[in-house]
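As structure tokens, one chain now follows by itself in the form predicted on its own.
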Amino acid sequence: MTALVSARGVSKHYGDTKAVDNVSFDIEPGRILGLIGPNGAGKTTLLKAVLGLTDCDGDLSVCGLDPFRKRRELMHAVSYVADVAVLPRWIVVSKLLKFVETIHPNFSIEAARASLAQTKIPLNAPVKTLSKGMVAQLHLSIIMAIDAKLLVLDEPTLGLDILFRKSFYTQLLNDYFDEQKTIIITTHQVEEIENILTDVMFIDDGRIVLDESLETVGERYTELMAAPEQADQARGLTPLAERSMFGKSVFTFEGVSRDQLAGLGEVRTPGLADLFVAKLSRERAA
């Protein structure tokens, strides 16, 4: 299968700062990738390169195009959602839909209206009168009405309450995503999206420290909660990280089978947030 996004040796420097440092990866069609990293890790710069907003060294292909040199053509196949505050506050919803119809050839105003009919957003309302949650629904209704191969979501639910965040991702999965579309999501609310991801990528200091499918993560990484009398034996298996919880030691292992851990305590698959902390702690220590 041809990758929708393909990067080979991609780097971006700002003076002496390596925002993205020699990264290589492929993103296949029909996947939902979580791009996870701390502030300043290089997430935004990498997304800008994918969207053609900045040039870079190395080879980068998005939908078969050089994103920087062919950005106009690329925008027909890509949709992008950042903070919902980017929508113009002064415009009326119905006029906003007509405006998008004039600038994007793959936008269906009928589909957008049908999506909005499932919300409490009136077509004659100015955007400035809508709550932030309603603006997020409006933004998503517009995006879902665009026939795009790639959807990039950069902290799309920032500042929204938990009800709107759950509704946002449910609507995204039920009304937009299919096997022909690919979604890249960046967020600090890792626990809220890990159940919808097919793949995850951790980035730190411009370098990719993990790039796996969620299926592979479940096979490769294991978490053990061990009682104090079993902790030394667990440490002998060289864990990635160790933390304390309720008087017990919690270890994260890479490449250690569950059979090796049997009898040492409770064995489970680590959550992405805990795995992220474990991987970055090991990388930084190294």
Partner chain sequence: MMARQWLLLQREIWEHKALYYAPLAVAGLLVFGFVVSFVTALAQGMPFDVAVVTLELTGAPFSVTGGAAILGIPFLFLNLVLGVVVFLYGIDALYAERKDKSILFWRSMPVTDTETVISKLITAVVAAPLITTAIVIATQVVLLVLVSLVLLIGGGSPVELLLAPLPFIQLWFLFLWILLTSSIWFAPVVAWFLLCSAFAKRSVLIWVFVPWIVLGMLESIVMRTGQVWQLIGERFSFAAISGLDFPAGINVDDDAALEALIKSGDFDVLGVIAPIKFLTDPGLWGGLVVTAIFLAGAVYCRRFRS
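Throughout, rigid core stands for the largest set of C-alpha atoms superposing within 1.5 Å between the two forms. Positions refer to the first chain, counted from 1. For clarity, every value in this text was computed on a predicted model and none was experimentally measured.
The form predicted together with the partner chain exists for this protein as well; it is not shown, and the discussion that follows is about that form.
- Taking the partner from elsewhere, no residue among 116, 177 and 188 has a non-hydrogen atom within 4.5 angstroms of the partner chain in the predicted bound form.
- Residue heavy atoms within 4.5 Å of the partner chain in the predicted bound form occur in exactly one stretch of 138-146, 161-169, 194-202, 179-187, and that stretch is 138-146.
- Only one of 127, 121, 151, 75 lies close to the partner chain in the predicted bound form, with a heavy atom inside 4.5 Å, and it is 75.
- The closest non-hydrogen atom of residue 173 lies beyond 4.5 Å of the partner chain in the predicted bound form.
- Using a 4.5 angstroms limit between non-hydrogen atoms, residue 109 is distant from the partner chain in the predicted bound form.
- Taking the partner from the other structure, the partner chain in the predicted bound form has no heavy atom within 4.5 Å of any heavy atom of residue 134.
- The closest non-hydrogen atom of residue 214 lies beyond 4.5 Å of the partner chain in the predicted bound form.
- Along 41-80, residues 48, 53, 55, 68, 69, 71, 72, 75, 76, 80 each place a heavy atom within 4.5 Å of the partner chain in the predicted bound form.
- Annotation: Cα of residue 93 displaced by at least 2 Å between the shown form and the other one, core superposition.
- A displacement of less than 2 angstroms separates the C-alpha positions of residue 214 between the shown form and the other one, with the rigid core held in common.
- With the core superposed, residue 148 shows a C-alpha displacement below 2 Å between the shown form and the other one.
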